[in-house]
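Next up: just one chain, as structure tokens, the form predicted alone.
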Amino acid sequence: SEQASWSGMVKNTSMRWRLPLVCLLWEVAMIVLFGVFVRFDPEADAHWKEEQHQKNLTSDIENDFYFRYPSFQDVHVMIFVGFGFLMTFLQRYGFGAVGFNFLLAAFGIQWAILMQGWFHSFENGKILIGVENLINADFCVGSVCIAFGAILGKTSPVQLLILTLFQVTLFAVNEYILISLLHVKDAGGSMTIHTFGAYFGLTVTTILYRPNLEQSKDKQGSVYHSDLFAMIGTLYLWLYWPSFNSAISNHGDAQHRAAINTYCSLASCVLTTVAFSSLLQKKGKLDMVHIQNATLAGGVAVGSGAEMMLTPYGSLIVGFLCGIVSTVGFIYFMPFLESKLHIQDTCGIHNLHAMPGLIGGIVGAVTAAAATEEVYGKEGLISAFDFTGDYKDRTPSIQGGFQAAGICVSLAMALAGGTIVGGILKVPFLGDPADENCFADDVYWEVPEDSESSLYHMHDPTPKPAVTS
């Protein structure tokens, strides 16, 4: 549990008291806060029958659960299986990738229900929760999973829980500013989830820069089976992304349109990723890192414009461009960021979430500004952008301006918040690993001996004698 670091300082990585203390104290706090504040939404409450009579609803099928729950399950799988397995590419950090993702997400959804509830569904001193709150909590945790990708393998579970606490809080504030104050449209979270989560994580990893990380270079690569596990995460994310971008859209045409736009963008993105992965490699061979990550960039980039009349061919164009940008990012930008800007981005979230997130914000702003009554219809335009109440006089061009402002706010919140939280995570008693012990499960996990042995032999260059019968 004690490791000699490259700097000569001894790092105590034992979690024996730290991790149980944080987990138990924080879970008790969740129980108390839920007991004080959280109650069922009318559609989840036993008074639903009375609610039906008041609203003249004739069937239980009109309960929001039956509209939202399939999408919720898809999003839930993305957070816990998709993101978890996407990060298993590291040859000796599979337990940490899936296990710590599981931990931070399980804590994060509880804190997110509270934080988002206080901002969005607080009535008469209580937070009323239904299935839509569960989806929004998963969205919030999605941004934490993205940030986790930048610091993967370099932090302790206690640091990850602290990161989750602060990031969920900042996410809820940023989301409130964008959605409630600026009234932007961001159904799939290009700005609120991807841009904020990625730049927050990149800022944190910059603050936690490790100048001697090359001491653990031998553990940073992948092996055949670890890349195969990561591809499972990719496929889950790719398949369910249309649900992710349409999960909280209005019933009817908006949700339908968001799923179609995402579906088209993702499909297009795969072809350009494969094309540029082959084109930019010396022998034309595909790089599994690009296929695992850049193929998903199309889903990120239609997030803001998903509900808009982006059109199927417009979505194909967005996916086409993002496959190129993300793949080029992995090949050229990532080495530059590490060598020149000291950004040690383990999973390459700059290429999958940050740049496509910015592109998505821009696509949303341009598509909103270009909206016309001819394309949407008068009622369709009002419905698509919710030009009602305080916003009844807002025009598409003004909406486009607010969409652009949303990108700037998300960036500012991410950079400022990431700087502060990164500073907090540098506190020396949080149990982070020494540089030469990063990216290894055995620092925080009981690893079966046969696994350790096989991992060693996998990289042992000594030729093995031929086996004869």
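One-based numbering along the sequence shown. Keep in mind that what you see is a predicted model, and the values were worked out from it rather than measured.
Not on display, but discussed next: the form predicted together with a further copy of the same chain.
At the 4.5 Å threshold, heavy atoms of G329 stay clear of a further copy of the same chain in the predicted complex, well away from it.
In the predicted complex, P396 stays away from a further copy of the same chain, with no heavy atom inside 4.5 Å.
With a 4.5 Å cutoff on heavy atoms, D253 counts as touching a further copy of the same chain in the predicted complex.
K340 falls outside the set of residues with a heavy atom inside 4.5 Å of a further copy of the same chain in the predicted complex.
Here the marked residues N174, P211 and V366 all miss a further copy of the same chain in the predicted complex; none has a heavy atom within 4.5 angstroms.
Residues with any non-hydrogen atom within 4.5 angstroms of a further copy of the same chain in the predicted complex fall in just one of 417-425, 402-410, 430-438, 38-46: 38-46. Listed residues V325, L170, I207, I232 were compared with a further copy of the same chain in the predicted complex; I232 is the one with a heavy atom within 4.5 Å. Residue F276 is the only one of F387, F333, F276, F119 with a heavy atom lying within 4.5 Å of a further copy of the same chain in the predicted complex. Contacts with a further copy of the same chain in the predicted complex, taken as any heavy atom within 4.5 Å, map within 64-103 to F65, Y66, F67, Y69, P70, F72, Q73, D74, H76, V77, F80, V81, F85, T88, Q91, R92, Y93, G94, F95, V98, F100, F102, L103.
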